[in-house]
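A single chain, nothing else alongside it, follows as structure tokens in the form predicted alone.
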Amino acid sequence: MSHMPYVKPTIIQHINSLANKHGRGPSRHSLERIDGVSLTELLERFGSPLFVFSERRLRQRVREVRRAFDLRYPKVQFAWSYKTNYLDAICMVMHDEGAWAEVVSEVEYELALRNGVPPTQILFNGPYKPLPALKNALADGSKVHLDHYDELYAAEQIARELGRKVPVTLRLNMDTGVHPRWDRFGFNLDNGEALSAIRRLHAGGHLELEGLHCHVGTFILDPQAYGRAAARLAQLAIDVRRETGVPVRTLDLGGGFASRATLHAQYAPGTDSTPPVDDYAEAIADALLSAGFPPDELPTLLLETGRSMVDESGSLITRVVANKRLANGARSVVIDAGVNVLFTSFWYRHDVLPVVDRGGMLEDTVVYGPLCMNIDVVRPSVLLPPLEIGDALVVRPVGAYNVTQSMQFIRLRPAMIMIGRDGEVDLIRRAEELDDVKRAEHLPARFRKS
């Protein structure tokens, strides 16, 4: 009777997610469909990797946020933050839902105009507005937010050339308890610079102070920071009204509301730790309504929301291209999407789910991208079942900033589709080809082969 040869046993440490003082660990999940559409079929049709946006989820979220503020304050206007996602299909959904445009460069200003946004419904932000762009925006009646004295002076010269008084908004920064402070933008309120700038503006006689603007920061998890900012903007507006006799018509609280993504530094997942949008709305509305404005001079609240609107509508579908064991025995997989298209992986612990879970022991896994760079880590630690080459994974939420900050580094950018409210599937950006990258180059004649 023959015996099987002896094989030395291998012991692999597994994490079984037992309960602890914070409750059970992450439960087992997979995701085969988005809005009823098979992800496997989408990959077969459009290739991998693939960005998928849900129009249904996007519109639902926009309406949730808008309702939270409309319930609490009578004069609210949202402006879509273009830098969050440049895709025309996304921008058009936002504008269809009533949002204006908030832009931070002449490029984004042109994008908004191309999407049919009237100049009077464009908020022009940012620390650098080239003189021709600043002139066009002021002449066309856009809401320009002046960032510093040099820009204030330039706006005065433009108003003089136009031969009329031009309304502008001043961007301010202040201590709201959020650190690090974003004091590189705007005029500082704490040291008196903001009030000095307002007095200088009125003394010049060419500009009219239409609004005050403050952007607290990004991914702010403390709604009361907005309450503090709103209260201080409101008090400044009342002081300006008393001193100059001119009411401030708009107060812009910027954006920065957190999505349900999870920061690397957070213990609890974003779905549990991100405040509901109602908390942000309540903090801001309470501060404005209790500030003491006369009813007929209640300013319009402007909000430049981006991430909190679009993040959860976006997913990335990707395939496993390799399984590996690291030197310390840890399990890792390589997928065909890297940080060149998932820039937010540096900040967030994205959900990573198998499209199909065939069972087997969950094991702590490092998810790498395909780039030849050691920093190409999509998720440094996540429990995943056994995976084979070709298996599909879903990475989410990725709707905010990944499209605008993606690059053609080592690999080209993938196709992007939108699933409509009735389940229709539309290609909203085709996968890039090499000619797309090289089209803008010019090769000197001496390098050309005959």
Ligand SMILES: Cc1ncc(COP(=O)(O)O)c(C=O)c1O
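One rule holds for the numbers: they count along the sequence shown, beginning at 1. Here the structure is a predicted model, which is why all the values come from computation and not from measurement.
What comes next is about the form predicted in complex with this ligand, which is not displayed.
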{"query": "Output flag, R171, W182 and T305 jointly within 4.5 Å of this ligand in the predicted bound form, heavy atom basis", "finding": "yes"}
{"query": "Contact residue in the predicted bound form, chosen from P354, G211, G256, G270 - any heavy atom within 4.5 Å of this ligand", "finding": "G256"}
{"query": "Proximity to this ligand in the predicted bound form, single hit among R228, R319, H350, H215 (heavy atom within 4.5 Å)", "finding": "H215"}
{"query": "Stretch in contact, per heavy atom within 4.5 angstroms of this ligand in the predicted bound form, of 330-338, 239-247, 82-90, 262-270", "finding": "82-90"}
{"query": "Contact flag, D311 vs this ligand in the predicted bound form, heavy atom cut 4.5 Å", "finding": "no"}
{"query": "4.5 Å heavy atom contact, F219 and this ligand in the predicted bound form", "finding": "yes"}
{"query": "Any non-hydrogen atom of Y401 within 4.5 angstroms of this ligand in the predicted bound form", "finding": "yes"}
{"query": "Residues within stretch 109-136 having a non-hydrogen atom within 4.5 Å of this ligand in the predicted bound form", "finding": "N125"}
